[in-house]
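Listed next as structure tokens is one chain, alone, in the form predicted on its own.
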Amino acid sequence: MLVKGTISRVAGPFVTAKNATGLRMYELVRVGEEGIIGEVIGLSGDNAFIQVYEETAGLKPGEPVEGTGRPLSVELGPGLAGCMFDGIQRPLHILQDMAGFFIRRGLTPNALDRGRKWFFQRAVKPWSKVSGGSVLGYVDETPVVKHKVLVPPDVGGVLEYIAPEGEYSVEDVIAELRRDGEKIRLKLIHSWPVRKPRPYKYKIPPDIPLKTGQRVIDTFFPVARGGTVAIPGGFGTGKTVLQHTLAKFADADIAIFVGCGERGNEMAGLIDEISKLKIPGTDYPLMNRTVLIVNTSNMPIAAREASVYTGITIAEYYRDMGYDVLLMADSTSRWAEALREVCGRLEEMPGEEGYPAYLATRLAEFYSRAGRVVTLNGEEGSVTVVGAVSPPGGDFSEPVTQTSLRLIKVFWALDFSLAHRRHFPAINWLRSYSMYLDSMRSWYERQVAPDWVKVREEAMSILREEEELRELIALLGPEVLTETQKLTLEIARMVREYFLRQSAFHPIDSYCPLDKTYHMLRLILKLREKMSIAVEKGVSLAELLKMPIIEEIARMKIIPYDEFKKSIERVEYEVDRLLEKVIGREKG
């Protein structure tokens, strides 16, 4: 590397270098005597404006700035799954071995272990013609992830050599291509610029849901594979717990969690929890399919942007293997705060509430990298993006929330009043929405039940009617309600408490399969139908609510799945029998 300039000004995470005519936009640079990592984000004449991804305390004017000649990139290859990285893909366990608990500046260990050997099984023969995205072979990265060794997207040619089966490190040459007379050596590892989306053939319509096991989501506000979600909510509304639950139970092949400006104790809790959990239905640790990008609130603020791009690039890499990937970013608000600080340091014209005018563009670039696609090798893969938003004071009118709402298709509005009443997930069913319902309707009717949409709409109608009745009670008092309206309030309460409320920490209730979800909701609606008939025939609502069967319906959520089908048949029979008995007694 050659010296490209010298420091002329230091302002927080922002450094100005003079005499930097050789640097280019978004080039990775080394700043100061310690060689701390930065990225060029602006050029003016012979001045370069650099955002530094490490602490800048102690940097002085006159210290050198060195260009690397390459953009900020990540290493992609076997060894990603199960690892924890910081925002610029430095493995945290290696940093701890090198420097202890207090990370020194300028440390740049390799992201992937150079000494570890991987057993490579080739999938193609010599003299085959390959192109970007072609599968050269396989590596068992973890017991649940078969890592497909891909030809980098911008490479192709005739395969002159492919390594035989055996153990190789990530830096061993496992293939050689010939293209236009040039020999290209391929390894188990390659790098990719984080700001450049990885290419694919075309996108597929979002018509298959990403099952989460959360009843309120899967029933009312589902997300499609390859979809985009925003979760805004104030402090204490359960954003982080909800994302942890998704990481555990969503039917994704790979889960990537980006802690962008998260509190250190929350990330430590997540790491501790995930390390103890098993992948549902297996005895393998959840970390075997998880990648953690950790950029806590006490880390340099500029690295928040890098952490988001690092996460989405790794997600696209696994998508190119044909996997369904779930990326969770917590939170995009803290990324936006970092952009606002850099905007101020650059003395750019601010937008609303001091955020940069390009805030919407940056968020759009991020969310646009989600999608279900046909990859370059013809497989199907997806990246589903769930972005948490932390609006100050729970104000959904602030710029980050409003900008996110223009870009995403699913909105899970977390409600402080629900959280205060200990109703979790605290997703407000009147403010939230999903724009994937129509495209996934036929899937639900085929895979779950023909009347799935009807059941869902009836339940939502009851919840909306409850809100209208509450307004009526607030104006005129409960005395004005008819027995039928009181019944609606009781059924709505059952939907809320017996169905929508779900414990993330209960061994059974934390995850609910789709067919159990459907039968639980249908049973409540059937109870409403029977009770409505009874009320019309003169049976008092108070007497109906004393029936023991209601307590059994309340307990359906904690019945193990393998016992549920027998239980639901028995409870349905009891609903019919008891109500007929009550009606007959009233007639007598």
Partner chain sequence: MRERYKPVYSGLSFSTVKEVRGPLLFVEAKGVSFGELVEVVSHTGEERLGQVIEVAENIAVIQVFEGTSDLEVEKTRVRFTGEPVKLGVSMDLLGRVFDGRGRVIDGYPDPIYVDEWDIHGAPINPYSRAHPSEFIQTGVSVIDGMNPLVRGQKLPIFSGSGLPHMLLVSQIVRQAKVRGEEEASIVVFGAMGITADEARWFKEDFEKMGVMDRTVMFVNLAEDPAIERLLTPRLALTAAEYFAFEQDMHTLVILSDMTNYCEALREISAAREEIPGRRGYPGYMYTDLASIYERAGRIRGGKGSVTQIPVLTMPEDDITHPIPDLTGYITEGQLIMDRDLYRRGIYPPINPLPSLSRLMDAGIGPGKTRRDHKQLSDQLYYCYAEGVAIREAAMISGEAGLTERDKLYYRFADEFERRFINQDPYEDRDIEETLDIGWELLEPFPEVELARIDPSLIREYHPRYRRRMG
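Numbering follows the first chain given and starts at 1. On a predicted model such as this, the values are computed, not experimentally measured, just so you know.
The following text describes the form predicted together with the partner chain, which does not appear among the structures shown.
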*Of 239, 148, 248, 211, which one comes within 4.5 Å of the partner chain in the predicted bound form, counting heavy atoms only?*
239
*Though the partner chain is not shown, can you say which of 428, 121, 297, 447 has a heavy atom within 4.5 Å of it in the predicted bound form?*
297
*Pick from 67 to 75, 89 to 97, 428 to 436, 356 to 364: which stretch has non-hydrogen atoms within 4.5 Å of the partner chain in the predicted bound form?*
89 to 97
*asked:* Counting only non-hydrogen atoms and a 4.5 Å threshold, tell me whether 24, 215 and 409 all contact the partner chain in the predicted bound form.
replied: no
*Report yes if any heavy atom of residue 56 sits within 4.5 Å of a heavy atom of the partner chain in the predicted bound form; otherwise report no.*
yes
*asked:* Within 4.5 Å, heavy atoms only: does residue 505 come near the partner chain in the predicted bound form?
replied: yes
*State yes or no: in the predicted bound form, is some non-hydrogen atom of residue 269 no more than 4.5 angstroms from a non-hydrogen atom of the partner chain?*
yes
*the partner chain contact at residue 235 in the predicted bound form, heavy atom, 4.5 Å*: yes
*Can you tell me which bits of 461 to 499 touch the partner chain in the predicted bound form, meaning any heavy atom within 4.5 Å?*
478, 479, 493, 497
